[in-house]
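To begin, one chain is listed below as structure tokens, in the form predicted alone.
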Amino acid sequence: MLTRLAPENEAELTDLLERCHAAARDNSVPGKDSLPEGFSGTIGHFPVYFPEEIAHAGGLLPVNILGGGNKLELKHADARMGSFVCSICRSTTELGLNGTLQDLTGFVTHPICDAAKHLAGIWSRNLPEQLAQILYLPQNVNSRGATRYIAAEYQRLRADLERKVGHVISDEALRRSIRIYNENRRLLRELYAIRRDEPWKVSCAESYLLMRAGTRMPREEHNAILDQAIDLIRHRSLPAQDKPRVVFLGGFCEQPPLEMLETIDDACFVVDDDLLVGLRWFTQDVPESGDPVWALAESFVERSAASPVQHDERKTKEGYLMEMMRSSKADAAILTAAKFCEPGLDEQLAWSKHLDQAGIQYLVLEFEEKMTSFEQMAMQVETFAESLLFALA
């Protein structure tokens, strides 16, 4: 539900959100004739962390590949992989094979799980004209050579992209891209601060749409949208509603349907989440001087958020969850996982056990992008919210 603004300002915010929603519904990527000015191609990647600055500096538009949603029929992918593989890998394969992603210059996947890792091989065999790569990032960033290894891997990616675009990606171009992305991360932190401090002003679904728009457009354009939207949101005026404050966890890779987020919004204030966490991976600005590749690599180790697909002894699963709840003043947690997602289900088990020991209430939900019915989930969330309000009264 939208909160009140002056009519002309509310209409402006509604138009922005509709624009973002339209971008979220579009699975295609722009062809060469419709690319934004200054870009010569597109590079696709999953919504976990990817050093988009390197592609951006080379004139390749980074595009997060977020699956096919609940309207895509899987005709080709099911012939190439089992039904036990997570939905985002199967629908991404379908989009590649049915021609929707034929205009990508390349697709870079990550060894975040067996399915994602092996997708690069499927991609290279079926779409040989595209660059198909695995970006090997260290699972254990506490090892002594982690930063040096990451920098070498980024340089390898940089060289591959240079060969694809036919020109050098200069350090100065990289520093410019880092400045643009630092501004984007600053704006996203500001948006999430409003979610924490005044959650009645912007819902989880609205925030998600504003953030997701950045997966389909240049960061320069996304920065302008966020700046405008944040100003409009700050001027919304509505008394706080009587809803429990919860954190939402489990959307780090495959994204939950928008209807699921709206269902939770109806009963709860979602004051923090891990949706599209790759866009907010760095918790501080990346240094804009010196060697830009080293700055990105060092930031991955020293200035990054926790994630189910990275092992860091300094960021335990339980510590990450409790810090999120503490900083957002959450009353409870909603723990989700995509169907067949082994990293997500592993995290969910650890979080559930810890919350049981700590005596903190939580709700466990499962999702997949092809979900179309949310009535039963709505009943679960409403019952959970009512029990929280009763306990807090």
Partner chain sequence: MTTEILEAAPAGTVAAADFDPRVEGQRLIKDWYAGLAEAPRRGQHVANVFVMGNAVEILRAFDFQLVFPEINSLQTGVRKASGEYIRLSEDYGMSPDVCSYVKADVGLMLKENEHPVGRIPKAHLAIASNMCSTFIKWAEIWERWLKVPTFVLDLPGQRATNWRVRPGDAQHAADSRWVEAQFRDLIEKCEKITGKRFDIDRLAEVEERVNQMVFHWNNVMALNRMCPAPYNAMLDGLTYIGIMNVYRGAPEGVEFMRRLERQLKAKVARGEGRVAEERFRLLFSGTPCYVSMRRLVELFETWGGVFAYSDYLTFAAGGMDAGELVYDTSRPLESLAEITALAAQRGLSNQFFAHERLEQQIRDYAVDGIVFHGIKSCRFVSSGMADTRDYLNKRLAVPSLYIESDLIDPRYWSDAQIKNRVDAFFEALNQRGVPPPGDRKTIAAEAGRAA
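Numbering follows the first chain given and starts at 1. Everything numeric in this text was worked out from a predicted model, so none of it was measured.
There is another form of this protein, the form predicted in complex with its partner chain, and it is not shown here; the text below is about that form.
Although the partner is absent from the chain shown here, none of 158, 162 and 280 has a heavy atom within 4.5 Å of its partner chain in the model of the complex. Though the partner is left out of this view, residue 350 does reach within 4.5 Å of its partner chain in the model of the complex, counting heavy atoms only.
A residue is said to contact a partner when one of its heavy atoms sits within 4.5 Å of a partner heavy atom; residue 276 fails this definition for its partner chain in the model of the complex, lying far away. Contact check for residue 153: a non-hydrogen atom falls within 4.5 Å of its partner chain in the model of the complex. Although the partner is absent here, residue 218 sits far enough away that none of its heavy atoms falls within 4.5 Å of its partner chain in the model of the complex. Heavy atoms within 4.5 Å of its partner chain in the model of the complex are found in one stretch of 232-240, 266-274, 206-214, 139-147, which is 139-147. The contact residue chosen from 101, 305, 132, 187 relative to its partner chain in the model of the complex is 132, the criterion being a non-hydrogen atom within 4.5 angstroms. Only one of the listed residues (196, 117, 167, 176) places a non-hydrogen atom within 4.5 angstroms of its partner chain in the model of the complex, and that residue is 117.
Taking its partner chain as it sits in the model of the complex, the stretch 89-128 comes within 4.5 angstroms of it through a non-hydrogen atom at 111, 112, 113, 114, 115, 117, 118, 120, 121, 122, 124, 125, 126.
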